Each structure stands twice: as structure tokens, then as C-alpha cells.
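One chain comes next, on its own, written as C-alpha cells: the form predicted on its own.
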């Protein structure tokens, strides 16, 4: 194990969490030498060397690991790319940047023989990427699905367990640091989407761009949807889902009406839960905190420690001779609330299983393809609409 001297970019919630974790364990082999931030005038309450000049990190010969924990995807991309080209190992927590640039960054790792690790980007404290790399590196894997966003799960837990309103639950999540002041990334499913793309690369060796995947969140959910779900003895969870069917692969992010017999039914508050299903070993469940500075900072430290042992991802699934082809031609049973006849006709149901109409509440339960959902993704975001997968079991 080699000693690591870190140049850290970003000192927000996760960056500060990492700093606190290192202070707590008093590591002698891992030290943060310089922290690059946007605003030097801000008082951060710690005795550390801050700079606003990236060159102070990149040109420092003592720094042998760069850790990038900023929220700007474009700036994160520039940092990671520059680090790899300078042959400095790098750890990143920016899932949006990875979701858009992972293929290029894989090629750069190979070209410059320099590792990039990002386990902390996908599921907070759950080491899902390394497990997919090391323990599920074969063709027996069938699906990976679960709760990948702790902020939205915290909100849903407060709604279903404590009968809080959506607005109150969101404000509490923001006060506790689980949700941003602009929570769109979390509650509209984009954060889960970026993580799903990363997970899919390691699970199945397939890259699909964010624009191609149906992504839908909980921002238009209302009291009627909550009441319907409770009447069916279920809970709403925002679920990211990738599954292989023979030579085809489906991916989506969608709220689901989860029954009591499912592992993720009981995943509460800011926790994540991931179910990995294999052809012969059945289902395996991973559970852990998915939001918060210290849990995510601890996951970043795990990546840092792996770098100390020269660990790198091998992307084994990409080398398979035949990779599954991404498709949207797969049918889900869904619950769909709407208001107008025009909205009712957005979805082309192949089978209607249940429907209800009144002056103020209309819904359909029926079968629809992911392709149809994707084609009307933006119209479905209207406040008068809400759609959720409604599994049979």
C-alpha cells in the first residue's frame, strides 16, 4: 500500500464529509494537501490549504491522487480528463459527468494507463460497482434494480410513514442536506438515471445515452396517487431498472407501486437498496445510506484506499463477444392518472385492466410499452398527470 497525497476539488457536502472522515480516523497514509474551491473568501472553519487555482494541484509533484467532488459536470469532466492525461490517478463523485463521458474516460484510462474510480458516484455507501466488477463478472446476471436516490426516498418515506405533505417532506429533506435547493435532479429521476447508466456499464457492458432512456420522477405525484397506492397496500418508490431478456436490454427510471413482499418496500429515509438478480443464484440485496456527506465521503475514502493498492476497473463485460441490444419494446403494467381526454390518449394501452373516472380524478391501470412512455415523456410531466409502474407481484 502506497501513501497518498491528495489534491481535492470541491468542499461542499461530500468534500467536507471526506475531510471529516479522514480527520476522525487520523490516517497516516492518506492526507489532503490542497483543496481547490471557487470562492476563497468563504469561511469553511477548518485548518487547510485552500486555493482557487487548479494548477496549484496539477503542477504539485507531491500530489499523487486527485479527488473530484464538485457539482459542475462540465468542470468535473475537465478535471478528470486533465488528471488522466497527466497520468495522475483520479477519484470522481460526479455521476452526471460520468453518465455522459464514461466511454471516452474508459478509453483515456487505457491510453494513459491511469485509473479512474467512482464507486461513490452510484449508490452512496453501497459498493455496487466494485461488486459488479468482481463478483458478478459473468453472464449469469439478469437484472439490477432498486432505489438509487436517497433524497427522493427520504421524501417518500415521510409521506407514507408520517403522513407528511409532499411540500413539507421536501423542505425537511432540504433542511437536513439530503436534497438541494433545486431538487429537480433528485425528484424528477435524473440523478437515478445517471447512476443507472454507470451501473449498466459494469453490469452488462452496454452504454446507453441519457437521452434514450425513459426517465420519470415523483414531482407530479399528488394525494390521489398516494391514496390509490395505500388502498392497494403498496408504497411508491422511485426505481431505477436495468434487465436483460435473452439478447435484449431494457432500462428506465420510473416510480413503482411496490408490494410488501419486495426487498425495497422497507428501504426508508435516505437509504438506498439495490436488488441484483442472477440466473441461478436468485436475488441478492444490498442496502446502505445513499445521501449525506459522511456516508458518501466514506465511500469516496473506499475508492481512495483502492487506489492505494493500485486497483482499477477492468470493464470485463465490455469484452463479451455479443452484448445485449438496448430496446424500448417492453411492456409494463402502469397506473396512469390524467385529467383531460387529450392526456388520456397519450398512452396507447394494449390492455386496460382497471379504470375510474370522476369530476376530479381519473385513472387507468393497463399495459403500455416503454417506447410509448418515452415518446410522451415531456407531456407526462404535466401536473395533471402521474404514471407509475404497477408490478403484478
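Keep in mind the model is a prediction, meaning the values are calculated, not measured. Numbering follows the first chain given and starts at 1.
The protein also exists as the form predicted in complex with a further copy of the same chain; that form is not presented, and the subsequent description refers to it.
Considering a further copy of the same chain in the predicted complex, the lone stretch of 68 to 76, 214 to 222, 312 to 320, 93 to 101 in range is 312 to 320 [heavy atom distance within 4.5 Å]. Every member of the trio 138, 279 and 305 reaches a further copy of the same chain in the predicted complex with some non-hydrogen atom inside 4.5 Å. Scanning 294, 262, 81, 158 against a further copy of the same chain in the predicted complex with a 4.5 Å heavy atom cut-off leaves one residue, 294. With the partner removed from view, the residue among 226, 249, 254, 301 that has a non-hydrogen atom within 4.5 Å of a further copy of the same chain in the predicted complex turns out to be 301. Although the partner is absent from this view, residue 127 contacts a further copy of the same chain in the predicted complex, with a non-hydrogen atom inside 4.5 angstroms. For the chain shown alone, residue 286 is a contact residue for a further copy of the same chain in the predicted complex, at least one non-hydrogen atom being within 4.5 angstroms.
Within this chain, residue 107 is remote from the site of a further copy of the same chain in the predicted complex, having no heavy atom within 4.5 Å. When contacts are judged by a 4.5 Å heavy atom cut-off, residue 119 counts as touching a further copy of the same chain in the predicted complex. Counting a residue when any of its non-hydrogen atoms is within 4.5 Å of a further copy of the same chain in the predicted complex, the hits in 5 to 26 run 20, 21, 24, 25.
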